[in-house]
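Just the one chain here, laid out as structure tokens, in the form predicted on its own.
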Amino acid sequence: MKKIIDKSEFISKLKNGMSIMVGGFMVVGTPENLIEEIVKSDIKDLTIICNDAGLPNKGVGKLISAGKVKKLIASHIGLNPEAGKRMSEGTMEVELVPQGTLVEQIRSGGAGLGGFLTPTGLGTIVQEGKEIIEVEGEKFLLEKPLKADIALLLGHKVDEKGNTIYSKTTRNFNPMMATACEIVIVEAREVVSIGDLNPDNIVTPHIFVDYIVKGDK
């Protein structure tokens, strides 16, 4: 299967109403070129799963400002006033999830688990509507796995087969998201030939990557 695609082919993989996981932590590790292509397209009503709401006009913040996001599932939105404004107005649904819980939900989705138990959120609004399970006298929330239609990731070096290396902290959410989505698309800062990457440094193996889009170095 041809994995390297151009930006127009990338957009053809998307449709209205999709759920999309976007890698990044305060836009570090976010595939900005892929985000920009969505902004320029007619795609809308997206559910975005990301660590945060990005920054104003940067990262997923661009999607929010463009009115592309119907629902945002994230850990915090404080760095993007537009996200808070839309949440208050009711024009964008926001589900806030503790950061560790969000990562573990994604990991559980990728690992095929039925969920996990955590004390985080007990006695707070996080607990609302969730099952409480007692283990050896201690109470835990049952948090269910999280999956999505598509993952949009940023790779530092990606070979033509899809093996991916991340640069420093750009790694963050990207590896977990690669396991938890039906389609995985990586924006590659640099595409290299098969065999050029040290196997010991590969973080996301090619079996998880469906498509590669060449981005900026």
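Counting begins at 1, following the sequence as shown. Please read these numbers as outputs of a predicted model, since none were measured by experiment.
This next part talks about the form predicted together with another copy of the chain, which is not shown.
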Looking in the predicted complex, any heavy atom of residue 62 within 4.5 Å of another copy of the chain? no
Hey, in the predicted complex, is residue 82 touching another copy of the chain, heavy atoms inside 4.5 Å? no
Taking another copy of the chain as it sits in the predicted complex, is residue 144 in contact with it (heavy atom to heavy atom, 4.5 Å or less)? yes
Is residue 57 near another copy of the chain? Define near as a heavy atom within 4.5 Å, in the predicted complex. no
Those residues of 111-127 with a non-hydrogen atom no more than 4.5 Å from another copy of the chain in the predicted complex are 112, 113, 114, 115, 116, 117, 118, 119
